[in-house]
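A single chain, nothing else alongside it, follows as structure tokens in the form predicted on its own.
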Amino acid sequence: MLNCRDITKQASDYVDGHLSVRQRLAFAFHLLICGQCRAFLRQLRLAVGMYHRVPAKELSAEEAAAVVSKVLASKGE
């Protein structure tokens, strides 16, 4: 039987359809009994759906360098 930790580790594969039939059944059974994992999976699906709706934008080299600089500055490096 899967536990909550197993669910969080396999959730992306479950959403993407990369689990075997046996794994999907075990996953679905756990979801039947665990409201917290159902909520986690809803949030994951929502995040994935939102990600796919955001239009892709290519960054110029200058924009990419600015992002890297900001990340490094925020980490104090």
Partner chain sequence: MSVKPELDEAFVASLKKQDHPAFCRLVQLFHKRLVGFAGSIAGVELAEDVVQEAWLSAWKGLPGYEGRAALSTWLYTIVRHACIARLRKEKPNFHAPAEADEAEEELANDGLDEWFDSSFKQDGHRQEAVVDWHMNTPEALLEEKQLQNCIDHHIAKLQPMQKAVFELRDMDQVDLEQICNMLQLTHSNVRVLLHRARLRLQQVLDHYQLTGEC
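Each form is matched to the other, and the largest set of C-alpha atoms that superpose within 1.5 Å is called the rigid core. Numbering follows the first chain given and starts at 1. Just so it is clear, the structure is predicted and the values come from calculations on it, not from any experiment.
The same protein also has a form predicted in complex with its partner chain, omitted here; what follows describes it.
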Counting only non-hydrogen atoms and a 4.5 angstroms cut-off, does residue 18 reach its partner chain in the predicted bound form?
yes
Heavy atoms within 4.5 Å of its partner chain in the predicted bound form: does residue 22 have any?
no
In the predicted bound form, does residue 32 come within 4.5 Å of its partner chain, counting heavy atoms only?
no
Evaluate residue 44 for contact with its partner chain in the predicted bound form, applying a 4.5 angstroms cut-off between non-hydrogen atoms, and reply yes or no.
yes
Residues within 4.5 Å of its partner chain in the predicted bound form, restricted to 47-70 and counted by heavy atom:
47, 48, 49, 50, 51, 52, 53, 54, 55, 56, 57, 58, 59, 60, 61, 64, 65, 67, 68, 70
Determine whether the C-alpha of residue 65 shifts by 2 Å or more between the shown form and the other one once the rigid core is superposed.
yes
